[in-house]
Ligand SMILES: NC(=O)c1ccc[n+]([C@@H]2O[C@H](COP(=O)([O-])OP(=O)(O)OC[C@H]3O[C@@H](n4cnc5c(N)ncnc54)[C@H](O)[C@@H]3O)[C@@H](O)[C@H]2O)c1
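Below sits a lone chain in structure tokens, taken as the form predicted on its own.
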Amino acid sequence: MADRIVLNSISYHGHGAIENIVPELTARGCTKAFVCSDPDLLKFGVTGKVTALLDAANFPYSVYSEIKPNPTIQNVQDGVAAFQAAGTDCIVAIGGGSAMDTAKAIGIIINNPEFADVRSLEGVAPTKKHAVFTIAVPTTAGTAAEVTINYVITDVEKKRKFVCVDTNDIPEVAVVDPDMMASMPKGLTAATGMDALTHAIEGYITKGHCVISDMFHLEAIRLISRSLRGAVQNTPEGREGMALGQYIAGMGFSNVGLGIVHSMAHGLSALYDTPHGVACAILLPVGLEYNKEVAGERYRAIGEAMGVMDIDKMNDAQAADATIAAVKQLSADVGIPTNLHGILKEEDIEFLAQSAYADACRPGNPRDTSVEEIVELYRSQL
């Protein structure tokens, strides 16, 4: 079976990368941009770094910011209506995963109106047309939504998140500028950074991994492990390393899938509004322990990329344990809680386990699982 790799048509990286936004829009013949961002980014002037460029070029735009941290079906529906009412013909998504995921869903529905029922996009939807031309500008170093073919929407009514996988949703242009991430608070930097590490590690051990994705994931693990502590302290080197590392992780996992860490984390965000990166960081060691018996031989390379000392002198079991310890240490160093105390409720575990088992990320897990086993993994965190 052939391996498929889907990436942006064009991506820009480094300080000042946002200067390429207006030239890209004008080169494509766009006339009015739908700026999709979130309220806090508007409030603190982060979105304004991009809209100032549009203003300077006299490029018309309309701003949509009615987006929750875990974007809902209603956010998407309202966004579609706002896009149509504004007479816009392209999207500039500015933000973390929430803004970019919302923008992806809007862009898909605009060009594929038969999928106006947002729930119909769950899983691998058979859309026929690529989304509206989109430039994605991440402001967090974690989700890599700017380079993935995935997006996640919250179904408030059913208290669950659903994953949509569609090659037509990938933004055609990604603009990864570390200057757009400099205002992230420490907690958000830590959470999104651990989400990026989870992407890289789960992508490296997933059933669908291939030579190309392995290359991406190991370099992402190296960059993230070296850069996250500095990014939390807001050093330029840390920010730049995380901006690149999280993007490279996205280049990999978008094409080969993830595993139960993400499927379990999605339910926590949907039910309790737990920040996705925090949920991933807490559950990553749990998932690594669970998968050790079938994927443990790949943990050595992860540990090497994380800089584990003398790992080449260890046997496989020791190397796996040392790698898991390094993940826990990095998480602790950036202030992530060690368990789900105060978040997870016993009475919700069965529902969460069923949701995790039904999640689109679960089949990629290297170890086959069951609802009953996922129940026990959740219970281990009480």
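Because the structure is predicted, anything quoted here is derived from the model rather than measured. In this text, residue numbers run from 1 along the sequence as written.
The next section is about a form of this same protein that is not shown, the form predicted in complex with the ligand.
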Quiz item: Of 125-133, 287-295, 210-218, 101-109, which is the one stretch near the ligand in the model of the complex, taking non-hydrogen atoms within 4.5 angstroms as near?
Solution: 101-109
Practice problem: Give a yes or no on whether every one of Val46, Asn70 and Asn150 sits within 4.5 angstroms of the ligand in the model of the complex by heavy atom. | Solution: yes
Exercise. Please pick, from Asn255, Thr206, Thr139, Ser227, the one residue with any non-hydrogen atom lying within 4.5 angstroms of the ligand in the model of the complex.
Key: Thr139
Self-check item: in the model of the complex, the residue from Leu223, Met181, Val175, Met251 that sits within 4.5 Å of the ligand by heavy atoms
Solution: Met181
Quiz item: Is Leu188 close to the ligand in the model of the complex, meaning a heavy atom pair under 4.5 Å apart or at it?
Solution: yes
Exercise. Please run the contact check for Leu197 against the ligand in the model of the complex: heavy atoms, 4.5 angstroms, yes or no?
Key: no
Quiz item: Heavy atoms within 4.5 Å of the ligand in the model of the complex: does Asp321 have any?
Solution: no
Practice problem: Give a yes or no for Thr143: in the model of the complex, does one of its heavy atoms lie within 4.5 Å of a heavy atom belonging to the ligand? | Solution: yes
Quiz item: What residues in 34-66 sit within 4.5 Å of the ligand in the model of the complex, counting heavy atoms only?
Solution: Asp38, Asp40, Leu41, Phe44, Val46
